[in-house]
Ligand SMILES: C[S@@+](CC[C@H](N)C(=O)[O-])C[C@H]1O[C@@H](n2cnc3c(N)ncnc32)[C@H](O)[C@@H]1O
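First comes one chain, alone, set out as structure tokens in the form predicted alone.
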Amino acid sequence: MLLHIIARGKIARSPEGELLERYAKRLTWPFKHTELPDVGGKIPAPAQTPVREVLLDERGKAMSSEDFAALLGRWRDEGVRECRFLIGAADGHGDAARASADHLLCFGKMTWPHLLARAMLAEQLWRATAILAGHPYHRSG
């Protein structure tokens, strides 16, 4: 299953960008990272179907790493070919996007900078795939 982060804003050369790349290189599942301008720009069509969309959103559900891994594993086992993780601009996502998403995810009640949230998501994707692979890992991040 393709893991695809779609985020508004440019991460460029930054500590957060380096973290994202570090975890992206560890992933054994297919991975893609797409950047969109802060305003405008179209979210690309899915590369593969069926697809699931996860919005990172303050109204979303906080999950343990194990529960997140179980969700991805269930979708993979159901034949989902692409899982897209959308990170909005500073104002987040609109009501229509929230309503059409398959899952709303948050990283707790605190507010995180968008670039850091992107790196944290990449780390959690690596951790989830390590859990699903039965790697004794996952506590050594």
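Bear in mind that the values here come from a model prediction, so they are computed numbers and not experimental data. One rule holds for the numbers: they count along the sequence shown, beginning at 1.
What comes next is about the form predicted in complex with the ligand, which does not appear here.
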query: Site test, L2, V51 and C83 vs the ligand in the predicted complex, non-hydrogen atom cutoff 4.5 Å; finding: no
query: In the predicted complex, the residue from A99, A90, V39, A45 that sits within 4.5 Å of the ligand by heavy atoms; finding: A90
query: Partner contact for C106 in the predicted complex: the ligand, 4.5 angstroms, heavy atom; finding: yes
query: T111: touches the ligand in the predicted complex, heavy atom cutoff 4.5 angstroms; finding: yes
query: Any non-hydrogen atom of A117 within 4.5 angstroms of the ligand in the predicted complex; finding: yes
query: E66, heavy atom within 4.5 angstroms of the ligand in the predicted complex; finding: no
query: Contacts with the ligand in the predicted complex, stretch 30 to 62 (heavy atom within 4.5 Å); finding: L56, D57, E58, R59
